[in-house]
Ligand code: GLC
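A single chain comes next, written as structure tokens; it is the form predicted on its own.
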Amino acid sequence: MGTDDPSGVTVLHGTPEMAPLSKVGGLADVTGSLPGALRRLGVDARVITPAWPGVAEKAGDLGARPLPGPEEVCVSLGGRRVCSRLRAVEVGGVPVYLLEEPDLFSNPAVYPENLDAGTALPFAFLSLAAVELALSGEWRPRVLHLHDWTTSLAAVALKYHRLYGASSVKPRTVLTIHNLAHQGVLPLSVLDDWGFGPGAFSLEGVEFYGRANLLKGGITSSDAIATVSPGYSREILTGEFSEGLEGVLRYRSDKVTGILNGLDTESWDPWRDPALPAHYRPSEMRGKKICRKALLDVCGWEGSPGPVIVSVGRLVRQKGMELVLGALDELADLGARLVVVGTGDRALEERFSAEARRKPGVLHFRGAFDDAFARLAYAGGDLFVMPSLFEPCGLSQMIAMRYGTVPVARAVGGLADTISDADAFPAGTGFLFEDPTPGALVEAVKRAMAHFREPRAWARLRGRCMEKDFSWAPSARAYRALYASLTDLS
């Protein structure tokens, strides 16, 4: 796996999940797509990630090609030397180092329900393994790219770990914050057990109100901090969206930049998607009508002049789906019908299930993730609703737009970066609302329906959505420039 970048930019991504090997959320989509996009630009980008249960088998199913490389990685965790088998494979053209240690990486869910010293240990090992590989492997990256709290400890280790902090030649570090709400908070004593020196316990390190905040340590220790959209990079500097870290982020604000996530446009393509009953593109839209009818048939609904509103995503507080529940009756009175696909908070699942039983002609709820049905929902819907309380980036609105389903969303984070309001801009691509209330959502849907009732205007709006470029190429170029600025390369 020799370096193939003539400019000298070499980067190792440390991540707890990477699609298609492992996936819990959007982080996996990023780490599954960005390294490949970087390699297409000539950057020697590689990944280190755990082999959670089923990952090795998935790699085999995908035809992962074995690569030469170190067969073991050992890290210093306090007074202990902890080792893991390291298997190098090529997945989708990207070299990936799989950490195969069943005692550490045995959780098929990836993230623990309750975080403590024991359940955080796999992420501490992952972080230090990335550092070890970067410092002592035959291939040494010039940049270590970390993702969320789960690998933030690598940046802290390069400054404060008793062993790794003493290294004379270190990679530069970039930390991407995918969701500031998840911070990795532990007792301070854990860091002493893991071999960190006194500096790590200071305000410049991980200490935060008497606890160890791993994400905070990554923010204070990394050379650059990225968020997954420009809007989110501005929002996290305010009290409303900072999740308690406003002061720390403002202190490091000169290091913060926003780079919008991309979308895997090969996987999400209505012209080629094998899950759809018919294919379509902006110049040939007949297939969209066929998909809409197929969605109505699955839901047991007859055709009607009202719009089909869809939602595909996690049922968690962040996504604002309580607003949909609060607006359901009024949306039904407008003649709209809703298809909701998602799992998450059990109470929300139960409420949507109850409403679907109460109004089966208005709401169809699919409380289990079914990829084929989710794709049909994206393709068969008229409107896509995304009333998030906050949204670092969001991929669902990009997918919906690519499938010609017009978004109605709150004007926050990446939603405001990717959607322009059709009533405010001639080239608008959706409908935005400010207040996190059912009433504001309904008013935005009413505005969308006014356009929906004008077929020619609606066709133009839908076409603008489908023609937006959400590929990873612009994001990869921005990250390459960031890496180059840190390593004094042009």
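One-based numbering along the sequence shown. Predicted model only: the values in this text are computed from it and were never measured.
The same protein has a further form, the form predicted in complex with the named molecule, not shown here; the description that follows concerns it.
The contact residue chosen from 213, 261, 84, 311 relative to the named molecule in the model of the complex is 261, the criterion being a non-hydrogen atom within 4.5 angstroms. Just one of 432, 30, 55, 465 comes within 4.5 Å of the named molecule in the model of the complex, counting any heavy atom, and that one is 30. In the model of the complex, no heavy atom of residue 385 sits within 4.5 Å of the named molecule.
When contacts are judged by a 4.5 Å heavy atom cut-off, residue 410 does not count as touching the named molecule in the model of the complex.
Residue contact with the named molecule in the model of the complex: residue 381 places no heavy atom within 4.5 Å of it. At a distance threshold of 4.5 angstroms between non-hydrogen atoms, residue 175 is out of contact with the named molecule in the model of the complex.
From the list 387 to 395, 120 to 128, 300 to 308, 272 to 280, the contact stretch for the named molecule in the model of the complex under a 4.5 Å heavy atom rule is 387 to 395. Contact annotation for the candidate site: 179, 228 and 318 all lie close to the named molecule in the model of the complex (heavy atom within 4.5 Å).
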